[in-house]
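In the structure tokens that follow, a single protein chain appears in two forms: structure 1, then structure 2.
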Structure 1
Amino acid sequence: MAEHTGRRCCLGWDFSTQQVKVVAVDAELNVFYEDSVHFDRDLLEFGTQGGVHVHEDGLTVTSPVLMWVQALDIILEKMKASGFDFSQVLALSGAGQQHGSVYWKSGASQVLASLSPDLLLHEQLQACFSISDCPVWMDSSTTAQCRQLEATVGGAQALSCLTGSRAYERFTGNQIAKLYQQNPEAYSHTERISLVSSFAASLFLGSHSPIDYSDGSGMNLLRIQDKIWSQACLGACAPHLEEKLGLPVPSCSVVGAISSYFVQRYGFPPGCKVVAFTGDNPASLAGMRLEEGDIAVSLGTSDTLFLWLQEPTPTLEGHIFCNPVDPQHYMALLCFKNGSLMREKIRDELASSSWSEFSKALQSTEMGNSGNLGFYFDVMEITPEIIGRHRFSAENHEVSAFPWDVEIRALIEGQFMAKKIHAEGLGYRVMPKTKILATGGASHNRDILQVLADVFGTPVYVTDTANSACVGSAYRAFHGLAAGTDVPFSEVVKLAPNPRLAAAPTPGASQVYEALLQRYAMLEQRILTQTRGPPE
């Protein structure tokens, strides 16, 4: 018998850019089961790279919706084959890569409600989508729609005050506007638009799941203060949008019981609750049990940096989302598109495709890289909007190449200096008791975390699993079970294992990076001025 038989638990799912992952967490908050399906490796027939298709224009980026459905089938079948005891699952929740959208064709709700347990999900949902390739967060093809949306509500700052962000290309409202303008027929045949998170919840529910406030904040459509759709924004994007989105709900809502499909095919108990799914970054905030004053750095496909906020302070850079675990509060987030895939590219070019070779370069070079600085943005960056590779010598002269080990250190130092500078731009200051909580695939790399600790001058902690979005989803499922009794999230997760120290700042690091950070900020501004003219 498998070791995980008969343990009452909650499941946490993550539909992220490169894979679908799951964890099972027991009542003592121990993770006792983890699994994943990797799109590029395990679903070759979809031909994705890094989980996505980059189109010919270099701006449009999509993922096949049926790939996500099939990944869920595969992972559930793997769990069944391993003897996983689904009858003990009290509740489940999940996360999705943020901003991506799924378009359910008219009639899909009937199909969802009457699935046969004899067939896999992807066999039955083939005809349920009006768009087979979903726009995802890496898309940057909607600049025209962004400008139109900002103009409608009185400018970028006005939109930020309303929805928590100025218009961003990847934000769902702008993606919906583009779809409506370019393919009005598909739009009119769409009965429901989901985020990746609420789409995944819908599969478990057997009906359309509502969008939660926190992931809904990444659409440029939700009024983050009163938590209702902005009629002005909806109207600027597409007609009849409110009915296609449904009403948003608090992130800790129980959205229903699991559908009979899962009861009959896998043996889930009929009372198993589905707690609203949310964005992967909000779910990570829950998984890391982030506290006010801490900084979370997620090193997944994207790099993100996020903070807990009491009050929203929307600006022209970064995003404010509704907080996923406390409806009175908020979170601030910065997203960097050139994260793991950029690191992988440099690793493949210079370190024989090996993370241990990559680490050797970090170990053999000095903090501060003898003054050499680099910017590595093979795709148009979000924070800041720069493309290309730019290298500078200690004298601020642009140079065309660095030795391989200097290049690797310049990449990692540059990525973390950008995070510190832009976090400070949001008003964030490192305090004596500040700690960084790191998560995501690259947080397995101790040498990368050492650079993070040195650049920020702050200790870096990790949790036992780098899958904090999954773990956070399982914690949120427990919270959803208890929330009827108004228990705060912190109470529900108080037994969870504490994060452990992974890297402490090297003595002398602050002095080295103080001057370098100023140069990095100055050079970033120089590149921006060269590419788009002086600031207004």
Structure 2
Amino acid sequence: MAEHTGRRCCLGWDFSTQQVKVVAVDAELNVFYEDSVHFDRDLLEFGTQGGVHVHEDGLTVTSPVLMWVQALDIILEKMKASGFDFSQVLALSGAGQQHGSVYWKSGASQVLASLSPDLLLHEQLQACFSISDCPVWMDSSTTAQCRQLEATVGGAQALSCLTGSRAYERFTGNQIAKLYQQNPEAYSHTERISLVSSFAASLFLGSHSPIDYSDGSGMNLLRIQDKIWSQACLGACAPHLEEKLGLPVPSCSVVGAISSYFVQRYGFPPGCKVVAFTGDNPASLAGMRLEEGDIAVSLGTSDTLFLWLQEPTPTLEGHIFCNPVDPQHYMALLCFKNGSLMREKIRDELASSSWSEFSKALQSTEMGNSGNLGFYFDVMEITPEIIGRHRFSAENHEVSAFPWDVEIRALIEGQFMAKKIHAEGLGYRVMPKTKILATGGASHNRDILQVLADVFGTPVYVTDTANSACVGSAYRAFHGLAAGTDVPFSEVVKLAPNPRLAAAPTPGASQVYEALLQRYAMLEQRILTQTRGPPE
């Protein structure tokens, strides 16, 4: 118990799909406390699988809002029982799974403002929501609303230029439009619409927290250039929407002091600040301490790229969000479905299910793979929309197979060339100080990281970011305390542990890959044309 006392700290929260997590980070940026509540395991009464309810249509996916509230109660009670010293908490911030939305019923603000410290939150907020099961990021039931929104603003590309993304089913504007069309009564009884992030912040504030710019740019509603709601998009979704959303705020804003409920029940100091909560992906960018020109590559089941951008070029793929730690800049997100599952499949088929055999193939083949290129998409890829395995010789002839070691290199080179090409499509450019931060399962394989360094022509670092959204939230709390935009985020987190260099580009790599990248882009276009027909 003694280790939790007397250490001034910030708390970082993460309301993710499957659990609520918290970390405490001290002034030297050391994590000294962490805990979590797992929905499926610890809150059985809500009957979730993977933290969600998948409805009969297979498209509608929701989570019970009171489950999130109760999870917060449980975790705070656990912290209290462990002797955690809440009086030392200077500020807190948090992250929420992106694209989830919460609908506060008329009168909820009075309940939030007058909570009794004798009761748990979930006991007092039972009647505060006009929708008990909230749509989350896995929902794909709003295709009709997406098409309506795009039509209103002049097409998918016009919407992307305005809001940073074409219309996506999970994005909040389209979810609100569906609610308004299918349940107008619930909509009319809603006083405030929150994202999961601003909903969680509201619990700590005791009042409705504003939506921050970064998470707000995942709604198809925020004009990312001037950071105000788009009147055209609001009007296309539902009436009176601006007053239900409130005005968005910079991500490093202090949105208020903690509610007296937490002061009286848990012993938080009355001066504890609440810094705007944001989405889990922006919070991870903060946790990994990306800087201008950097790129984070998460090599998991699917592969995700986070990019720091100065001048974005919104397209029909990927997403541009406002940057959570620098309001002048942007972050981009690209997702590739065929990530580790594809790597594991090829390993099992060709390398006797052994990563060391897989690595031998990368070591024994040369950079550029003698001009052999491969595309490996066993499930329909997101970026780009291609399925199937396609192999091309150095003369651009399609072939049915490669030798086993050539196949393995073609897979890894192809995966990283696709990432570079599509990142550049969003406006990303490698700068002299650019570094890649790699996380996820495949980041433990040095030979895979070597190919990554060679294809991008920039050094690759690894960092221990198991809780990057949580830790990033605590870092953002410190940033908010330091007066946010006036102090660079990098200055606030300079004491945090540095990432380790894992691979530097091989001399001559950029010359090898320059022509290959052009060929890869041309062949990708050829496959797309064959499967889809010529572009309209």
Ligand SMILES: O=C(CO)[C@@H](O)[C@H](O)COP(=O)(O)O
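FYI, numbering is relative to structure 1, first residue = 1. Rigid core (definition): largest C-alpha set, two forms, superposition within 1.5 Å. Predicted model, so just to flag it, every value in this text is computed and none were measured.
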{"query": "Number of the structure representing the form predicted together with the named molecule", "finding": "1"}
{"query": "Yes/no, S393 Cα shift of 2 Å or more between structures 1 and 2 with rigid core fixed", "finding": "yes"}
{"query": "C-alpha of E413 moved at least 2 Å between structures 1 and 2 on rigid core", "finding": "yes"}
{"query": "Did N30 shift 2 Å or more between structures 1 and 2, C-alpha, core superposed", "finding": "no"}
{"query": "Between structures 1 and 2, how far the Cα of L517 shifts once the core is aligned, in Å", "finding": "11.0"}
